[in-house]
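Next up: a single chain in structure tokens, the form predicted on its own.
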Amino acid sequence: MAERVKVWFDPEADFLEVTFSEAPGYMRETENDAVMERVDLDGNLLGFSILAVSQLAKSKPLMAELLSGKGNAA
């Protein structure tokens, strides 16, 4: 089954956001200071964001663990 994702980049803020669902949710910290995960009230993963994206090309690959399950995010 195909899934649609939305990718949005704000060059002024140097911010990238990937959204799997437009359902209501909130941002939650991860172990990586540059990465936030967006989850719903049940903890299902709705997307994630990355700060300082332009710095990624200058350093090693960004690694982050998104702890939430994708679950039934709609």
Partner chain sequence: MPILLDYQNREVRLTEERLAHILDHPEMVGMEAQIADTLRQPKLVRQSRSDENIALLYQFYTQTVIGDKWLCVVVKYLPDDAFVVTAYFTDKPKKGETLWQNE
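Residue numbers count along the first chain shown, from 1. All figures in this text were calculated on a predicted structure; none of them were measured in a lab.
The discussion below concerns the form predicted together with its partner chain, not included here.
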query	finding
In the model of the complex, A13 touching its partner chain (heavy atom, 4.5 Å)	yes
Partner proximity in the model of the complex: L45 to its partner chain, non-hydrogen atom cutoff 4.5 Å	no
Heavy atom of E22 within 4.5 Å of its partner chain in the model of the complex	yes
4.5 angstroms heavy atom contact with its partner chain in the model of the complex for L56	no
Within 38-53, the residues that have a heavy atom no more than 4.5 Å from its partner chain in the model of the complex	R38, L41, L51, A52
